[in-house]
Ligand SMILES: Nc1nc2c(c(=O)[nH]1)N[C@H]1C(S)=C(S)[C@@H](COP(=O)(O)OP(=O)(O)OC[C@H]3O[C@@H](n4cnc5c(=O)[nH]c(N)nc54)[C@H](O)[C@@H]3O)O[C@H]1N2
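Only one chain is shown below, in structure tokens, and it's the form predicted on its own.
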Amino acid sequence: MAFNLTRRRFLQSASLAAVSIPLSKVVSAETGFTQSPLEAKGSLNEETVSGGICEMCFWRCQLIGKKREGRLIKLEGNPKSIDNGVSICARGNAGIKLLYDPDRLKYPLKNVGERGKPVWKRISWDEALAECSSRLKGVVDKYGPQGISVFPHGSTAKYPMHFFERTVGTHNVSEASFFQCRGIRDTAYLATIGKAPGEKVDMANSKAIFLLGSHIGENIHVSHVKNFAKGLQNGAKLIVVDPRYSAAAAKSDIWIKIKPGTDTAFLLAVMNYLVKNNKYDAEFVEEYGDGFEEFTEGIKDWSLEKAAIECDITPDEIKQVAEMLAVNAPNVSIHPGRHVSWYGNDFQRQRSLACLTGLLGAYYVKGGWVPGKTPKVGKVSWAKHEHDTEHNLNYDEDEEMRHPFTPPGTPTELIRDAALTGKPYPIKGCVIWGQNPIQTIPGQEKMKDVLRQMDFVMCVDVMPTDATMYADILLPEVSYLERHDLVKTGTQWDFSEKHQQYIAARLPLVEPMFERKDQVFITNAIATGLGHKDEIPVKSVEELVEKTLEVAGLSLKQITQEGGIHLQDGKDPYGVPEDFEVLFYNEDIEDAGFPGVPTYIPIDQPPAGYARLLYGRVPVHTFNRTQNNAWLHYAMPENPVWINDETAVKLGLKDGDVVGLVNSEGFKSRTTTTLKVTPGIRKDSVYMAHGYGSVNPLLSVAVNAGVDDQSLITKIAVDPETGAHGMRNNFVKLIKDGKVLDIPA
């Protein structure tokens, strides 16, 4: 799909005066989607404003803004930042196009049509908040607090999420960043070293970097990528294990073209080789390890030859990786990964990564896993009421946890099943705040059915996403460039430099436009309507930030005077704490009915004629949330399907062909995209970027652009220990000129 951007259209798009956007099926002339022209007045007045924190992705780089006549015209990295510095990525630069996107939500809207086929009517804030309060209260009165489900995402969702979870009392909270992204990683490392790992690996000072499916360079988390690049510049060896020749693999010393789903088998063979050949850090294991004997017994059968057969690689490839790690230990970065919800056997893989780091003695050492010591700030929380486990779906009738190593909240599939069956109780209210569960959770049609059966659905967002089409009331939120809220803390990424810490508060770079409101305003109004007025912890978002900074002895005024970032001396992050422990064997995991030693669990393989559908990120988009950004869309308007070059020849396909897809359960893509023919992917897999193919017609740029991979992820696979979804268990064929093509084995 080409993006038809003429010079005239570009100038119109970039203009300070936005054109009106037509909207089909409108009840009134004022729908909230028409932006009035804004005229510059007087002579040019330029200024630089500091204190922004980006939210075009979750990495949250620190910003400054260039303004002209009160309008933001350019974003840059804050030169005071010891995190991203003056660097921001393409998405960060394009934040201006989000701010002034004519498709942005502007006014409260009420759906007077059907869910999924909305007909929007503009209403007042008073009417919108009154209806949200009364209808949510109706759900609580009829079904109890457990009748409400919450799907939050982003920094603004924390305040309302805690209200519904802590004060109202629903357990049914599913945050995408945990259940579809990093939750498995965090709980697996907690079960191994007692800490969630983050991504604080000291790659800048590493002698060898090990990436298992981590697409550094494609996710473009600026400070992270800079740290990675510096390590390579300093001579670090790079090992990449990935079915696809990713941007990181292109820079690797060793690329292992592994069979999808067999990563744990690979890691077990590497660890078994290290142990049997005495190439592990015995001194570190002796001092900080626990359960090592059970561990070595549990992995002893994983020879190089056995793993090579399972992973469809050679024994020598596994040996090369093990030797490279051993010779450079302990100064090796075993990256914990970020988006790790892959196959439904992921907890054991993440446990293996944590154990491998311990075998190499690579915790708290230069070039290894070094969490850094960050400054403390306060937290603002709603009052926590006592809630028993009776209505927690993660507990069975015998009060045993179904998924005992679940991330915070309740596993998404348990919420959806309860909503659809009414067992063990009905779920009839839904609050979606900044999340797009239509395009983040496997089983898209199932999610739509969940929303259709609700008594009430409330959505809060910046843009009209596919999920907002199922709202009864849709509320417009201020963007990250228009609000206070987040206080970010951290240390510099390169620990070889001066040890410093930072505290950065998000300060608005421009005033909010139209009738957009912040999370404190919205939540407090609903809390009042639900009878919790006396428990409101702060009256404004500014007060929320003030209370957060107070613990650090800071204030908004001081942070503003310091350009949005407060710097202070840090602490040496190296040196293993006395109480640190690596549980190679975890008895609690075994008592819960799961393997106490990292264990490989095979997954289903593609049926004849199908290839596994893999997906990932691209540098210019943050999944679906940036798809309507005109600048970023112009850079990458669709998501080509990668296919192996030899396979393409057998199918008579060539680079650039237009194709659709159909999965093994009969679901076809609504739209088409182009083909990318490459030797850089296995023959049993195809790959595409996630987040394309929106159906919401209010997204004038993103609608029907590319293929929605999530619509093809219909097979539900759940990680047993955590309850998080596996996202790469579907198999597809290609469709060319209406003909379905079998992919050769």
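Model, not experiment: these values are computed from the prediction. When you see a residue number, it is the position in the sequence shown, counting from 1.
The same protein also exists as the form predicted together with the named molecule; that form is not shown, yet it is the one meant from here on.
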- [ ] Could you tell me if all three of Gly113, Lys448 and Leu530 have a heavy atom no more than 4.5 Å from the named molecule in the predicted complex?
- [x] no
Task: Heavy atom within 4.5 Å of the named molecule in the predicted complex - residue from Val597, Ile220, Ala419, Met271 - done: Ile220
- [ ] Select from the listed residues Tyr615, Tyr585, Phe284, Tyr364 the one whose heavy atoms reach within 4.5 Å of the named molecule in the predicted complex.
- [x] Tyr615
Open item on the list: Residue-level question: is Lys200 within 4.5 Å of the named molecule in the predicted complex, judged on heavy atoms?
Closed with: no
Open item on the list: I'd like to know if Leu734 sits close to the named molecule in the predicted complex, meaning any non-hydrogen atom pair within 4.5 angstroms.
Closed with: no
TODO: Look up in the predicted complex whether Lys251 has a non-hydrogen atom within 4.5 angstroms of the named molecule, and give yes or no.
DONE: no
Task: Interface membership of Thr465, the named molecule in the predicted complex, 4.5 Å heavy atom rule - done: yes
- [ ] Using a 4.5 Å heavy atom cut-off, indicate which stretch of 471-479, 189-197, 392-400, 133-141 touches the named molecule in the predicted complex.
- [x] 471-479
Task: Contacts with the named molecule in the predicted complex, stretch 199-215 (heavy atom within 4.5 Å) - done: Leu212, Gly213, Ser214, His215
